[in-house]
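Below, in structure tokens: the form predicted on its own, a single chain.
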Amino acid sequence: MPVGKRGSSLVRSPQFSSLIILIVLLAVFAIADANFLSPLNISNMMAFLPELGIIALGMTLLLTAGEFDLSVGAVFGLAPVVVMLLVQNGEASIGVALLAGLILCVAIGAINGVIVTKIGISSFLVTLSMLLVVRGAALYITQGFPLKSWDQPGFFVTLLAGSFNIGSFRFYTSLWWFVGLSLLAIYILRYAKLGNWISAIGSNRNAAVARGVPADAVKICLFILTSVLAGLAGMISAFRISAASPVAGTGYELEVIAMVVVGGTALTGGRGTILGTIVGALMLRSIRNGIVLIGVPGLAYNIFVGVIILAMLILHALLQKNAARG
């Protein structure tokens, strides 16, 4: 593609418009409160951002295939609860318990995927039901009380929740998880055959199947991947704050979907962007942090997110119409 056309295509892309809005928001918050760009505040934002971002990566791939998962927030809460119960009851070492938690996530994702693809029920209804089942299970096995997480120094604590400093900034190893998984997701969606299959399934499933794409198997694998990433993020969070709560992750499913859609991934499937999701994650976390710093009540966060999602959907629709006309 010629450089001029490539640049024009980039400017019209949804992720570019999202990036411009992110830059504007960062500038507004920085002008409104000088502490917004302070090392302490940036470190605080980056402590939590990777955990939601990891879930958003899986959701991006799933949405690109034309499905979504409302149970990720509940899985985020259940996985570390199961891990901590196994350890505290002396039934498993921390390593085995972590493996058991991930296997549970695989099972939840597989159940979602099989019901959606083989029985033909909408992913909205299936994962909404799974959200209730998983959240209820987490509350039942803990009697509604949070558990103390594993806080003894060791390999797994360092791997999941270790911290390091870069100058005046403090980051957690979850940032490396997010960066590594982002690079892998970019490779899958843009360069691998699997990425072509995912986009083809989301655009036109019947046409993809006619060309030999194993649509059902791909979707089941994506449901499993999304669930596993949600469980991993939950474990990272529990290790970081030294607590596993059965209500952790409440509302995360909608926030994650918002991050993905704001970044430019189509809710209807067929178009996905990992870079856009990263921008969307940065945007929403910046808004949550910035509105508190400038004195806006934290309860107004949902208003800001709703307005931005509507604005981005309208902008993306206009860009798509202009591209079609062009």
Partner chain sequence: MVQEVLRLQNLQKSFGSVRALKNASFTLGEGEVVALLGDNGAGKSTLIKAISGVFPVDRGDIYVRGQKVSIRSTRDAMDLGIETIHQDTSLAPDLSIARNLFLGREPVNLKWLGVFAPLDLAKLRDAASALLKRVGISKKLDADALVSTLSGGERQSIAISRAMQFAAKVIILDEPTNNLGVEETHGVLRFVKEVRAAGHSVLLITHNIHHVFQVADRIIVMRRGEIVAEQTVADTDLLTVESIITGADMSALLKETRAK
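Quantities reported herein were computed from a predicted structural model and do not represent experimental measurements. Residue numbers count along the first chain shown, from 1.
As for the form predicted in complex with the partner chain, it is not shown, yet the points below apply to it.
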Check, residue by residue, if Ala207, Gly212 and Gly270 all come within 4.5 Å of the partner chain in the predicted complex, counting heavy atoms only. yes
Identify, from the list Ser123, Ser199, Ser182, Thr142, the residue with a heavy atom within 4.5 Å of the partner chain in the predicted complex. Ser199
Looking at Leu132, Ile119, Ala107, Ala192, which is the one with a non-hydrogen atom within 4.5 Å of the partner chain in the predicted complex? Ala192
My question is simply whether Phe155 lines the interface with the partner chain in the predicted complex - judged by any non-hydrogen atom within 4.5 Å. no
Would Ile188 show up as a contact with the partner chain in the predicted complex if we use heavy atoms at 4.5 Å? yes
Would Thr250 count as a contact of the partner chain in the predicted complex, using a 4.5 angstroms cut-off between non-hydrogen atoms? no
Does any heavy atom of Ser203 come within 4.5 Å of a heavy atom of the partner chain in the predicted complex? yes
If contact means a heavy atom within 4.5 Å, which one of 262-270, 47-55, 28-36, 285-293 is the stretch that engages the partner chain in the predicted complex? 262-270
